[in-house]
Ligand SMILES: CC(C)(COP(=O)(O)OP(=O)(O)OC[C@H]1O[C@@H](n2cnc3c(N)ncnc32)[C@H](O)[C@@H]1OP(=O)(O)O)[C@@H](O)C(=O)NCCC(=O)NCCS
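This document starts with one chain, in the form predicted alone, laid out as C-alpha cells.
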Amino acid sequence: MQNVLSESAGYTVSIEDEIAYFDPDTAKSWYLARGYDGQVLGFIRNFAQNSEWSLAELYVKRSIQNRGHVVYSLLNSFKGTVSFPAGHRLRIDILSHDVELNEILGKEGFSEKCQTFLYLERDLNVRTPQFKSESISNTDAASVSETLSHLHPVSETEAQKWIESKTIRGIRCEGKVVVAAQIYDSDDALEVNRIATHEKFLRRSFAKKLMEQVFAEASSLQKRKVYLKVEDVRLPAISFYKSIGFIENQDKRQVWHSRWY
C-alpha cells in the first residue's frame, strides 16, 4: 500500500503521514482495488464530506491490465456507498498527466479544473522563541469554524472534532480566535494543513505570530521542518509564507486535474 501511495504522490510518503488526512475509524475513508494476489492496484480516498461538498482522490496503477475496469469498479463502489444531498459538489483529484482517468471521469459527467500546488517547507535549524500555547477548548469551536471558513467552509462540528484531536492552534483577540491553524504531526515534521485569519483581523500580523509559535512547537518536538501545500494562484499567501522562511521544494510540486460532479 505504501508503494502505491508514494507512486500516486510522485514522491516517497509514509502511510502514517497519509492516514492522518482521514478518519481511520471511518470505513468510508478508503476504497481499495486489489488484484488476485492481494496487492493494491488503486484506491479512492475520501478526505472530507459536509453538507456542501466532498473531496476525494483517485489513483490506479498504470502498469496493470484492464485498468479502465478497475477505475469503474472503484467509482461504482464509492458512489454506491456514499450518498450526497441535492446540490452537493463532489471533487475528485487525479494526477494531471493521467489522460485515461481524465477521459473516464469526463464520461462520468465530471467537469475539469486544473490546479498546481506548491510544496513549501522551512528548515528548523534556527533559533525560535519559546513556545507558549493558547488553550483552545470546545467552547471555541464556533469561533474556530468562523475563522477557518475564511479559507474554506468548516462546520462547527468539524472544528470541534479537530479541537478534541488537539490539531488546532490559534490566537485570541477581543474574545475570539482570530487566527487558527490545523496541524498534523509526522515522524520528522509538522504539516500546516490549513491556516486562516478572520477577515476583520487581517494585516495585523496574527498569522505571523501563530506561525512563529508553530515553528517553536516543532523545534521543541525536535522536528526537522515545517511544511505546507498551497495553490500556485494564491500569490499573497505564497508571498507571506516565503517572507517567514518557507522555500519551495520543486521536486514535490503537484499538478492535479480536479473533476467536479
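As the structure is a prediction and not an experimental result, all values here were calculated from the model. Numbers follow the displayed sequence, beginning with 1.
What follows is about the form predicted in complex with this ligand, which we do not show.
Although the partner is absent from this view, residue 207 contacts this ligand in the model of the complex, with a non-hydrogen atom inside 4.5 angstroms.
Although the partner is absent here, residue 230 is a contact residue: one of its heavy atoms lies within 4.5 angstroms of this ligand in the model of the complex. This ligand is not shown here, but in the model of the complex it comes within 4.5 Å of a heavy atom of residue 196. Heavy atoms of residue 151 reach within 4.5 Å of this ligand in the model of the complex, making it an interface residue.
Here the chain stands by itself, but in the model of the complex one stretch of 35-43, 216-224, 54-62, 199-207, 199-207, has heavy atoms within 4.5 Å of this ligand. For the candidate spot formed by 73, 77 and 80, no residue has a non-hydrogen atom within 4.5 angstroms of this ligand in the model of the complex. Annotation for 207-245: interface residues with this ligand in the model of the complex are 207, 208, 229, 230, 234, 236, 237, 239, 240, 241, 243 [heavy atom within 4.5 Å].
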